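Just the one chain here, the form predicted on its own, laid out as C-alpha cells.
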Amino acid sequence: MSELLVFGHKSPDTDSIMSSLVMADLEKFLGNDTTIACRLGEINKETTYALNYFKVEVPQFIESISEGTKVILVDHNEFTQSANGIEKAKIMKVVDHHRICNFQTTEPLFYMAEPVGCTCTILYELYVMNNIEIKPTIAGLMLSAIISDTLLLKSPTTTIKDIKAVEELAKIANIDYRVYGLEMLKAGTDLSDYTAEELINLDAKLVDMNGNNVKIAQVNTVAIEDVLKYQTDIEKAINKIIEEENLDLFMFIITDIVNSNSEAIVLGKRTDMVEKAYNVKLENNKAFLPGVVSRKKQVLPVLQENA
C-alpha cells in the first residue's frame, strides 16, 4: 500500500502542524496504516512549546510531492499555500476551516469544511462521529491548536463548537486550559532572535484577490512597539519578497494578544486596498487596526471586497 501524506499549509502555524499529526492518528484508526504526518516549513516557538509539552516529535519536512502521490490536506485548500506539485497529486481528503478557493480535483473526495475557529475543532468532531477514543496526547495537540487559532477563545472566529471542544479536550488531557494556553501563547510571542526575513515568513499566506497577488503575514506579540523597532529591516525584507514573487500587496500584521489590536505594515502597489478596507490613511507605511486579531475573519474577506 502506498504512503498517504498529510500536511497543512506553508509557513505552518500551530493548527497546521497539530492538524497534520491528529489527522494521521485518526486515519490509522480508520485503517490507513501508512499515513504520515508532514510539514511544509519550519515550526514556530508556540508550536515547539506545545510539542515539547506533550512530548511529540516534529512531523517530517517535505517541500514537494511527486505526481500521483496520495495526500490529505488539512487547514488549507488553496494550491498557492500547499506543497509544490500539489496540482498533480491525488487528493483523498480535505479538512479545513477557511474559504474554498481555486480548488478542483479530477475525482470525488472526502471534504469537510466548517466555519469554526480551528481545523482541530472539526477533527475533534470526526473522532466523536466515528466513535474513536481520543488519547490524552492527541487531545492536548487539538487543544493547543484551538487555543492558538482562537487566541484562548477571545478571537471573533471563536464559535460554540470551539468552546465545547476545548472544554472536553481539556478534561481528556487533564489540563487547566487557561493556564496552559496563556503560557503557550506567551512562548509564541518571543520574537527576539528572528531575522526580519524569518519574522515575515513565520505565518504568511499567499492569496489571489481578484487577480491581485497578495501575501498576508501575521505575528503575535505582547508589545507592538517591540516589533516596530525593526520596521526598517522588516520593510527591506518585504520589498525583496514583493519583487521576487511579483506581489501586488504585502500586509504584515503585528497583533497584540493582550489588548486585541493590530498594527500593520503595508507595502506594494495596491496599498489602497487596505486604506479602503479599513477607512485609514497609511502613515509611514503603517495602519493601526483596533480590534483586528483574525486574518481569516477580519482581514481576508475585508480586503477581498476592496480588491
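Start at 1 with the first residue shown and count on from there. Note that the structure is a prediction, hence the values are computed from the model and not measured.
Form predicted together with a further copy of the same chain: not shown, discussed below.
Checking 105, 131, 174, 232 against a further copy of the same chain in the model of the complex, a heavy atom within 4.5 Å turns up for just one residue: 105. Note on the interface: of 212 to 220, 92 to 100, 162 to 170, 179 to 187, the segment with non-hydrogen atoms within 4.5 angstroms of a further copy of the same chain in the model of the complex is 92 to 100.
For residue 194, no non-hydrogen atom is located within 4.5 Å of a further copy of the same chain in the model of the complex, even though that partner is not displayed. A residue is said to contact a partner when one of its heavy atoms sits within 4.5 Å of a partner heavy atom; residue 152 fails this definition for a further copy of the same chain in the model of the complex, lying far away. In the model of the complex, no heavy atom of residue 286 sits within 4.5 Å of a further copy of the same chain. Looking at residue 226, you'd find every heavy atom of it more than 4.5 angstroms from a further copy of the same chain in the model of the complex.
Of all the residues from 292 to 307, those having a non-hydrogen atom no more than 4.5 Å from a further copy of the same chain in the model of the complex are 296, 301, 304.
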